[in-house]
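Coming up are structure 1 and structure 2: the same protein chain in two forms, each one given alone as structure tokens.
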Structure 1
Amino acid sequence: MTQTPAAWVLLLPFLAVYALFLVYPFFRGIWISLHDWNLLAVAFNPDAKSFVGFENYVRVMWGRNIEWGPLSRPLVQGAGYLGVIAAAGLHLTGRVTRVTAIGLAVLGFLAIGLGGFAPGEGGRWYDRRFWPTVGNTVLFVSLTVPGVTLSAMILAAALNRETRAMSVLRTLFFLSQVLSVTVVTLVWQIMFSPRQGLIANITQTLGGTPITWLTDERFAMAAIVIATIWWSLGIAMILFLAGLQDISRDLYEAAALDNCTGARAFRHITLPNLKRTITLVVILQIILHFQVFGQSHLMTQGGPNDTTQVLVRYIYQTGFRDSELGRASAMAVFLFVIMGSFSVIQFIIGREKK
């Protein structure tokens, strides 16, 4: 057997499993999103569904008297304006390539454009919970990704030494990554407990009043973000350690001759050489955290008052609690478009030359 038929024989089992469990469910989900599909009704009578075209998308994402404004959602659109300005500035100063700058600018324009739609006078969204849920998810991602990236980079820089103590600490910091979401949320529910939690005990020792983290609208999202940052540090730290160990020691020795050490060496040598690693970590974290579910579901049940309701949990409730499988599939396709956009950006950046 020549190489080509042998390769197909070896690939065939993988391709069959991939098509059966990933490709077919994906297109099946798109097809369901084009139907009025009640989960229970169709389970007992397969003919109970009806083709409605894009009506599910309209019901979920649009409404009556919807208007666009440049600052309808200051947080989301403000981040978009900053993204566009940053893309232009970084490209003009030569810190990023044109492709990366275009990718950042496109994301910025998407945030400005999509975030600018809001109900005008007498108008309303057909699904009043969808866009606030998307906003909660974007807020969660915008807080978690910088937190994970900065914490992991600082930890990696501090632990990048060949000693036994550093090896033990690297293992300890990575251990949180192997825990299941159930264990992580249980640990942090105890930590945030206003009666017997560690944080409450420290607050009382200092003379303060314990915060009800998980039931207070002002702190519930922060509690989920803190738990997620602690849980997600491991992989990001390992990626940064790999990037740090790829930097030649000759650069630091040459810089030391010019009295460039410590923080100056970190700024002028470490950060520029970690640029691709930082980009990789940021994009991977964005894709990962748009799929947040367990922390919101187990720690706060989406509350209080939907302040921690995230997109995947809303899709789950719509599909399996309300039995609106067509509408849930439309929201899942929307989530796929967001994550697919970041995957394309990661692919483009990964192909760039150094």
Structure 2
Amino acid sequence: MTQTPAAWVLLLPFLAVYALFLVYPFFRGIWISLHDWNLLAVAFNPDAKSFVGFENYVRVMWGRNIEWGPLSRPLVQGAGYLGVIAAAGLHLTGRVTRVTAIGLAVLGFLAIGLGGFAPGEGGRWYDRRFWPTVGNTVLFVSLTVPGVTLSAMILAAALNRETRAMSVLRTLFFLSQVLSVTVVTLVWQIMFSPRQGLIANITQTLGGTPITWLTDERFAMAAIVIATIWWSLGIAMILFLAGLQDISRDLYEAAALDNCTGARAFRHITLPNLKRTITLVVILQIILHFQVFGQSHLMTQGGPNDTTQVLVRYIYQTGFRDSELGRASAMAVFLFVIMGSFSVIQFIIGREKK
């Protein structure tokens, strides 16, 4: 039976808003990325923009005399080779699902392929900041995601009991998750202050010298990683708690009869049964943290010396400080391609049979 009139009445409000404020802007963004579009010039004269095809992508992502080599960037490509080998090994030994192995292998090949480009003799990138900024963002994600995932998994395993005390403890660990990034950066900025910070106070009480976390190139990235892990623990913990609920208690009871308890039970029963949850949490955290902006913008302003400059902040600055909307939009499309890829992976894993 068809209920077309009722369906359209109910659908139109959302479809209108969706088309106007998500679909159209998405394609408009692609359109802007194909233009030389100065925000201020176009504001005064709407015709002051010119079609330049993919020039913005070239200006942002390419350079003069760029060459590819299998070991041009040893750290990045080395990590890629390790990723591919690890994916093959994990798959052959049956420790991960095929989808996870393929995902890891794809990441490895991407690191090898993209990481191999570097300026050759007399060459240079057209935009010296873009790829280092992507690198910073990847570094941030590489540090934050394992930190959140490991902490959350251990906490979830420890807190997975239906008692009043455990419920209160779960509440305390989740609390930071509901705060705004502006509150998180406010608190941690002061926490890290070498003159007034709580960490400095404790350090001095113990007789040490305070670290200038936010203004020292060696520590600034670590500072925003710490603040982010503190902030982001709650969701990951809840997802792991849900995953733990799905593990049959019979497995633990059977294992207990074989003296397999505590840490051994965690390794042999909990971990294998949490594989899908671990993968989902990791993908979710990658999506979340690749979009990092507020921590960098408010705590370190991308500094010192751009060591904590991240992709979204660079897009924001290019578009709204430098008025280069074309280049900013090209970078935003790049961001979408990455985020879209991880969203697809997340969707596929989410649909896998348990």
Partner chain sequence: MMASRGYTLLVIALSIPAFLWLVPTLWMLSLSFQPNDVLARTTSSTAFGLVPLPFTAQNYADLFAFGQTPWWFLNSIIVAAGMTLGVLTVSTTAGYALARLEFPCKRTITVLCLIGLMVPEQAVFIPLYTMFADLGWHNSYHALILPRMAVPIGVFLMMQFFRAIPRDIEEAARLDGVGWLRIFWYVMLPLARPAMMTLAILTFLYAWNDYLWPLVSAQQREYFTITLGLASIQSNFAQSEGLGRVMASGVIASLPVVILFLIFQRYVVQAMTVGGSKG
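Just so we're on the same page, rigid core means the largest C-alpha set that superposes within 1.5 Å between forms. In this text, all values refer to a predicted model and were calculated from it rather than measured experimentally. Start at 1 and count along the sequence of structure 1; that gives the residue numbers used here.
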Form predicted in complex with its partner chain - which displayed structure it is: 2
Is Pro272 one of the residues whose Cα moves 2 Å or more between structure 1 and structure 2, with the core superposed? no
Core-superposed comparison between structure 1 and structure 2, Gly53 Cα displacement 2 Å or beyond: no
Post core alignment: Gly113 C-alpha displaced by 2 Å or more between structure 1 and structure 2: no
So, with the core fitted, how far does Leu71 move at its Cα between structure 1 and structure 2, in angstrom? 2.9
Quick one: CA shift at Trp8 between structure 1 and structure 2, core fit, Å? 4.0
